[in-house]
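We begin with a single chain expressed as structure tokens, specifically the form predicted alone.
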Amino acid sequence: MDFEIDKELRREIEETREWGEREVRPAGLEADRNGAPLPIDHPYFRRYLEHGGGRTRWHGPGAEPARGSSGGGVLKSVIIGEEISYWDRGMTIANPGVGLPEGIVLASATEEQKERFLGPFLKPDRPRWASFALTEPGGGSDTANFKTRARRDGKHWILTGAKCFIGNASRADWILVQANADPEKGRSGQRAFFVEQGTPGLGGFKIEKKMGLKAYESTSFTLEECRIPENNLLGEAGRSAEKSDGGEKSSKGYKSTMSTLNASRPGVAASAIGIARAALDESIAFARANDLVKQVRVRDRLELFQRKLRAAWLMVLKSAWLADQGKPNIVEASMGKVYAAEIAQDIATLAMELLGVVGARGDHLIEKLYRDVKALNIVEGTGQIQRVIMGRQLVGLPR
């Protein structure tokens, strides 16, 4: 691995830092104080578009597919993601744009689908969102237990099921829904479908209340006999019913989903690192301001967590680097996500201990970070799921 940060990336980090301090942290604090995501017409989102955000990495019809999540590779995206999460992780999800499903669409969609679903994000006329629906009630993000079903009906697909804790679903132009078209085939029967906002049967939107990361919507919704055109099946538009119900290509959507999650987990881990770094910085500032740095125990705890934070960051960087090299990173991505989230929680807990009764007031940034960081051990595969993945890989069992 090359640890050198080139001039261009350093400039992007500095720009991100300036934007984060000026716009992102105030917006995140406002949402947290209100206990709800910023409304769609909030001026922040318009400024985000003017700042150059909310655009797709797809360059238009005939464009070559981009790698990574920011057009410059996974490693670059986690470095930028860590910096922006330092200022507010919730706002990174709340921002307009294609978001998580973009990598899946770029990898698997037909050119016609890219034009239909990514085209509006080339030069968005307004803040636009897309969403990716994987998690289900009861089954969480364990893909083996999906209950959402898809069945063929002539030139349509009928989707039935429920999803929960889906980011930005109620404000999205479209949702990429993971469903199983052939339960007997298990995971290989899973497909991904574009479900456009306003489609009959898509509804029951409920924005969940959360302890942290209140800046973005975590939405539950239902699919009740939701009929969508056959060409909304990711990557397989125009295939006949017989061909699209089986065969090797039928698992492409699932493989794309898993590949995207493996690439996105370093990003989630980087978010934990960003929150942890913010908590550590705030802890040091509070300790200095309140003359706590004279205590050996306090200095030792701060040093210990800084050391562990650096170790976690190296894990995350390696998993991102492997993704950029096109090498397997399943274990590294899971290891980095688990370790970074655990260390971030430990640092936030220490920070709360330092605050003492100040933390109980509920108006200190550290108290917010303490609530925010818990989610990083849950989203996109819980810590338990990551440990299952690593354990099975360790003893040579299939995932």
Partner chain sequence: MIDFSLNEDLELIVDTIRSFSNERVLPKIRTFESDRRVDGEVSREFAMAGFDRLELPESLGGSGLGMLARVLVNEEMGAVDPGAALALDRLGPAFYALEAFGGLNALAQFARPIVETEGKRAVLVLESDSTFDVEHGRVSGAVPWIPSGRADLVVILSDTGARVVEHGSSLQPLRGSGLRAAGSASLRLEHAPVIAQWQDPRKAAQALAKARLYAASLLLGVLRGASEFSRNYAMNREAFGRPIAHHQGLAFLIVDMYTAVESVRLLVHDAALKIDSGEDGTQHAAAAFVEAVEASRFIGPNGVQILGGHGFMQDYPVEKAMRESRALGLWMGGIDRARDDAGKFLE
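All of these numbers come straight from a predicted model, not from anything done at the bench. Residue numbers count along the first chain shown, from 1.
There is another form of the same protein, the form predicted in complex with the partner chain; it is not shown, and what comes next is about it.
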property: Within 4.5 Å of the partner chain in the model of the complex, all of N168, A172 and F221 (non-hydrogen atom); result: no
property: Non-hydrogen atom contact L213 with the partner chain in the model of the complex at 4.5 angstroms; result: no
property: Touches the partner chain in the model of the complex: L75 (any heavy atom, 4.5 Å); result: yes
property: Exercise: M390 in contact with the partner chain in the model of the complex, heavy atom 4.5 Å; result: yes
property: Contact label in the model of the complex: I378 to the partner chain, heavy atom within 4.5 Å; result: no
property: Answer option from K318, R277, K114, R128, heavy atom within 4.5 Å of the partner chain in the model of the complex; result: K318
property: Heavy atom within 4.5 Å of the partner chain in the model of the complex - the one residue of E208, D153, D291, E303 that qualifies; result: E303
property: Candidate stretches 30-38, 334-342, 49-57, 358-366 - the one whose heavy atoms come within 4.5 Å of the partner chain in the model of the complex; result: 334-342
property: Neighbours of the partner chain in the model of the complex among 1-34 [non-hydrogen atom within 4.5 angstroms]; result: M1, D2, F3, E4, I5, D6, L9
